[in-house]
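First comes one chain, alone, set out as structure tokens in the form predicted alone.
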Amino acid sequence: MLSIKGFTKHYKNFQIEDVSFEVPDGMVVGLIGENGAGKSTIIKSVLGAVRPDCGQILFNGAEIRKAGKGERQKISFVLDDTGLPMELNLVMLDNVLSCIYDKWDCAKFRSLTQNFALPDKKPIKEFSKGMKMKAAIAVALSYDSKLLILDEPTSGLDPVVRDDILEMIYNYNKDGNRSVLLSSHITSDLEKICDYIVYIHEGRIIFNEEKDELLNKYAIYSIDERQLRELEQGAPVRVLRREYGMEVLAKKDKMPQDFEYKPVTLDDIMLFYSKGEEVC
């Protein structure tokens, strides 16, 4: 569905180097990384707002920058700031968007906004943050897209609204003919819904793996320096040294079977890579 090959972008104090990954048909791909890692730059490049210095972005096998209006309208998106015209109400927004999108579905838009209990006549600027995000997702789901891109859709929202949004994403994707690229700092949401995880750290991909395999591959061990030195080479990945002791992110299949461990989360993996030391 979406293929990013050798994406490179240089800024004055930051570089994204040779990033490559795919969003396969019918899959949800989670994009994770610390603030400033390059996630939003990649998403904006897919949407045409940023031009890469090098590399290709392909949608259905063709260069996305050469895509015409009809092909671009197969990509729907929701950004953190929603981008909705704040002075309009939903009735007015429906009328405007029906003139913009070739395959706008007025009935679906009305159904979605009613299911989300969004008021028709109130200006969007008077909506809560959660209501604005639901309205933006209703827009994204109301034309015939094949790829949905979301940048921090659940940031700052309460757990109930977040769950509603994840359910919308699931319903969009469930027939297997559509794909989703989802960037979020709330990694517990990604663990619920994603098929693959792409982790970007300081402008480079650390891993691009199937989510369940990734979470089953690693574990956290509390060990001492002597035990660390005696481990099989390649078993420990990163080390966090704290005042109260040392923790190691390690590959379970290479660790001694009698060592106790804690299951790992995506948050744990990000913490070890951002604050931990590499094991030589």
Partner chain sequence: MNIHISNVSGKSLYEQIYTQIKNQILDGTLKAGEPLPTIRGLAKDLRISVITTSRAYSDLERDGYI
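Positions refer to the first chain, counted from 1. Everything numeric in this text was worked out from a predicted model, so none of it was measured.
From this point on, the text means the form predicted together with its partner chain, which you will not see here.
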Selected contact from Glu232, Glu63, Asp224, Glu213, since only one has a non-hydrogen atom within 4.5 angstroms of its partner chain in the predicted complex: Glu213
The single option of Lys174, Lys103, Lys122, Lys129 touching its partner chain in the predicted complex, heavy atom within 4.5 Å: Lys174
Answer range among 200-208, 152-160, 112-120, 187-195 for contact with its partner chain, defined in the predicted complex as heavy atoms within 4.5 Å: 187-195
Heavy atom of each of Phe14, Gly36 and Lys134 within 4.5 Å of its partner chain in the predicted complex: no
Contact flag, Gly26 vs its partner chain in the predicted complex, heavy atom cut 4.5 Å: yes
Its partner chain contact in the predicted complex: Arg238, any heavy atom under 4.5 Å: no
is_contact(Pro256, its partner chain) in the predicted complex, heavy atom dist at most 4.5 Å: no
Lys251: touches its partner chain in the predicted complex, heavy atom cutoff 4.5 angstroms: no
Contacts with its partner chain in the predicted complex - residues in 246-264 whose heavy atoms fall within 4.5 Å: Lys252, Tyr261, Pro263
